[in-house]
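First, one chain by itself in structure tokens, the form predicted alone.
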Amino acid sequence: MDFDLTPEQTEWREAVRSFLSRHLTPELRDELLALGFSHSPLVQQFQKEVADQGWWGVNWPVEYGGLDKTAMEQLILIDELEYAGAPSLPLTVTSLGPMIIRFGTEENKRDWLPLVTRGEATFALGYSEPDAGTDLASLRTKAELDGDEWIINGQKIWNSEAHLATHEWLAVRTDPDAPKHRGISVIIVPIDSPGITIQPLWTWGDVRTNQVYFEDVRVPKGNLIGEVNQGWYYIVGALAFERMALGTTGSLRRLFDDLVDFCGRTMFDGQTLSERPEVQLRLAELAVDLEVSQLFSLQTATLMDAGGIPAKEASMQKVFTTELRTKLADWGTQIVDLYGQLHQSDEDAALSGRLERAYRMAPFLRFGGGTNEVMRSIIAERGLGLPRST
């Protein structure tokens, strides 16, 4: 089996690297290092430059504003952005746009896809509710049709990016009498609509998520995505693509490479850290795990290029990679001792505090896109044919 990139893929990777060498400025790097998740003018300018390349819809059909490249080429782009420390592609592009392409009406495609590829529309995921997180199909936010408008009432929680996005990709109940998986629809809701209230929730990893309230919010009937009461299938597909995006390895490989470099030049009790047997064993195991994680990415990209939605495989990729992120942050902080626990604001922090930040970010990523416990149930049921757990 040949795992080398094709000449065309290698050329594409070099084009991405060349773009990054010109557009990922020292000022942007410093800002991202200092702020982590940022929506500053510098970040917005960089994202506009990426969108102007046509890379927002890199593997979308040309007729929808894309470049008609493969999912493998999209994976290369995401990995290179992450490894360089640049802002990556948003879920609007990697997860939600593909659902509009596959299942949206012609009106949906005409109205939303050009806005997405130009970077003018970004969607926050309006899924979880206080009583409908892991069991998403129990959601209660409802939408009732009133003439040519939907009237929406309800509440969402853990609604990341709601304070930054232009629209909500909103899961709502449109048939209260149907079985719970069959009465759900997806409606796109402008975030500045009257009746929407956003309240912040801060995670341990310094990431802002939100509670969002909808009170008699009115949106046009045409903002429904696909068919009414078929939203569960669109949500499941979008979640598979989201889990693939959460399971990429670019940022992990960069942190690992920098850790190896740090160990090779940092002295401890008269020897470099890399000379210590226990450090060598842990770095070697992490290197193996990173290769496995990359193989998961290649597998899911290959299945996408074959036209499938790799739900089982994306769940496996997401579990393995997000738990590897925890392992790398945990072992990394142990290897560099107390210096690994210092915040980035401390001048003595190892790797500019990136290990400490990764440690605090890890729980957020283990439950984002579906908790890893639920992912294991999906693997068991859809992958192994085991009975549904109770």
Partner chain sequence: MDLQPSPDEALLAESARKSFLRDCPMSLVRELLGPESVGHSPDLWTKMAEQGWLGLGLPEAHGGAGSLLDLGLVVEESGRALVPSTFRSTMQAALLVAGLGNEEQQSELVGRISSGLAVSAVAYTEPQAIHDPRYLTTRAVPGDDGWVLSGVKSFVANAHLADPLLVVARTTAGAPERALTVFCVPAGTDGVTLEPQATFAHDRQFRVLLDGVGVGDGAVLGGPAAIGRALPAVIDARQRWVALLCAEMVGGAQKVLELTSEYVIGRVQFGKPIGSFQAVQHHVANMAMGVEGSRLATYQALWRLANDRPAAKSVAIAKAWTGEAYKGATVMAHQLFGGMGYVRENDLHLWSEHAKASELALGPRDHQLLKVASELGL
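Numbering follows the first chain given and starts at 1. Everything numeric here is computed off the predicted structure, so don't read it as measured data.
What comes next is about the form predicted together with its partner chain, which is not displayed.
*Asks:* Though its partner chain is not shown, can you say which of Met361, Val58, Val50, Leu351 has a heavy atom within 4.5 Å of it in the predicted bound form?
*Replies:* Spelling it out, the residue with a heavy atom inside the cut-off is Met361.
*Asks:* Heavy atom within 4.5 Å of its partner chain in the predicted bound form: which of Trp158, Tyr83, Phe103, Tyr233?
*Replies:* Selected option: Trp158.
*Asks:* Although its partner chain is absent from this view, report whether Leu33 comes within 4.5 Å of it in the predicted bound form, heavy atoms only.
*Replies:* The answer is no: Leu33 has no heavy atom within 4.5 Å of its partner chain.
*Asks:* Are any of the heavy atoms in Ile151 no more than 4.5 Å from a heavy atom of its partner chain in the predicted bound form?
*Replies:* No, Ile151 is distant from the partner.
*Asks:* Quick one: is Asp269 in contact with its partner chain in the predicted bound form, heavy atoms, 4.5 Å cut-off?
*Replies:* Result yes; Asp269 sits at the interface with its partner chain in the predicted bound form.
*Asks:* Does any heavy atom of Gln199 come within 4.5 Å of a heavy atom of its partner chain in the predicted bound form?
*Replies:* No, no contact at 4.5 Å.
*Asks:* Mind telling me which stretch in 86-94, 106-114, 189-197, 296-304 gets its heavy atoms within 4.5 Å of its partner chain in the predicted bound form?
*Replies:* It is the stretch 296-304.
*Asks:* Which of the residues spanning 317-342 lie within 4.5 Å of its partner chain in the predicted bound form, based on heavy atoms?
*Replies:* Heavy-atom contacts to its partner chain in the predicted bound form: Val319, Phe320, Thr326, Asp330, Thr333, Gln334, Asp337, Leu338, Tyr339, Gly340, Gln341, Leu342.
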